[in-house]
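In structure tokens, one chain follows: the form predicted on its own.
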């Protein structure tokens, strides 16, 4: 495909689209707003991925920045919504990436150290399933005493941070001063402590409202701890390391499908993959054309190809 601009696959002759389908062996697809909205599949999405596997022999993986569910829970959702995946091994999630990272770290000892989680209970479930002890996840916590008394109670002894080998930040509806202060103390007291986040998506956008995302939570902790969290989700290429080490894919023969320029298309570019943007999220073709026409953008982030929805590929497969 031409790199000169965004190519709408629906504008191409069928034979050219069929030829394009032969340029990749692996498909990695985002989930939310690409394959489904909440617990409802986007029409045609499951059929396309299923047929790409059955008729063309493509390998398919689903990838998400959603840290509110374990990899197994995301796999179960995909099964309910009609996606034919053999096992959870075809799911790439930040919770599983966190486990992989800690297992491979020479500074984290899962037998002696715990993980402090500013986030939801799914992170705790994923860690527990891997035999890693954690605390703090999914619990509301309010400052019920003066902050000076809280600091004295929590941080006056070395034991407050000595056995904590990682701080993990995810989406947390119970985010509070207490949690930020505890994370800050642990990270500054122990420079070898890992600092990880499921993602840095700053905001979640819905038709009627916008709400803070994980990136908003982790930014506060980064500021006070004066350390940068390592992102365990897109667009960090780190999330593909297990597949690359196992020779499960060739990035030059891989297509990334997603709905977000900043996250999905950026991830594809960072990894050297082709990118297909679908219009079932925040970006439609008109938006992409406007970005390309903006003379102030020296290197606009645009996908290789575009479709209004993934199901539009059905007539070609």
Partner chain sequence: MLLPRFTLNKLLVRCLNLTMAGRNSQLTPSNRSSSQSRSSNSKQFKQTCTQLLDLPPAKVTEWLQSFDAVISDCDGVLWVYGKAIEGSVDVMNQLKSMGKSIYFCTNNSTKTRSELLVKGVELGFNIDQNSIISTAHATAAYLKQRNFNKRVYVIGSTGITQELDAVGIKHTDVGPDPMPGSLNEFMTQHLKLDTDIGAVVVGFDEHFSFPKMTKAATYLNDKKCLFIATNTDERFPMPTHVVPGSGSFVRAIQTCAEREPFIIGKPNPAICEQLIRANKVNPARTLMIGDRANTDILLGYNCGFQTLLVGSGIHQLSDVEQWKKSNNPEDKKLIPDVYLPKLGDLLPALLTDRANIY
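Numbering follows the first chain given and starts at 1. Quick caveat: nothing in here was measured; it's all calculated off a predicted structure.
Separately, the form predicted together with its partner chain exists; it is not shown, and the next lines address it.
Student: Within 4.5 angstroms, counting heavy atoms, which one of the listed stretches 89 to 97, 154 to 162, 114 to 122, 238 to 246 is next to its partner chain in the predicted bound form?
Tutor: That would be stretch 154 to 162.
Student: Taking the shortest heavy atom distance, is residue 135 within 4.5 Å of its partner chain in the predicted bound form?
Tutor: Contact check for residue 135: no, nothing within 4.5 Å of its partner chain in the predicted bound form.
Student: Would residue 225 count as touching its partner chain in the predicted bound form under a 4.5 Å heavy atom rule?
Tutor: Looking in the predicted bound form, residue contacts with its partner chain include residue 225, since a heavy atom lies within 4.5 Å.
Student: Although the partner isn't part of this model, could you tell me whether residue 108 comes within 4.5 Å of its partner chain in the predicted bound form, counting any heavy atom of the residue?
Tutor: Because no heavy atom of residue 108 falls inside 4.5 Å of its partner chain in the predicted bound form, the answer is no.
Student: Is residue 139 part of the interface with its partner chain in the predicted bound form - any heavy atom within 4.5 Å?
Tutor: Contact check for residue 139: no, nothing within 4.5 Å of its partner chain in the predicted bound form.
Student: Within 4.5 Å of its partner chain in the predicted bound form, do 180, 212 and 217 each have at least one heavy atom?
Tutor: Checking in the predicted bound form: 180, 212 and 217 are all within 4.5 Å of its partner chain.
Student: Among 130, 85, 230, 202, which has at least one heavy atom within 4.5 Å of its partner chain in the predicted bound form?
Tutor: Selected residue: 202.
Student: Going by heavy atom distances of 4.5 angstroms or less, which of 101, 175, 195, 75 would be at the interface with its partner chain in the predicted bound form?
Tutor: Residue within 4.5 Å of the partner: 175.
Student: Though the partner is not shown here, which residues of 134 to 151 have a heavy atom within 4.5 Å of its partner chain in the predicted bound form?
Tutor: 142, 143, 147, 148, 151, in sequence order.
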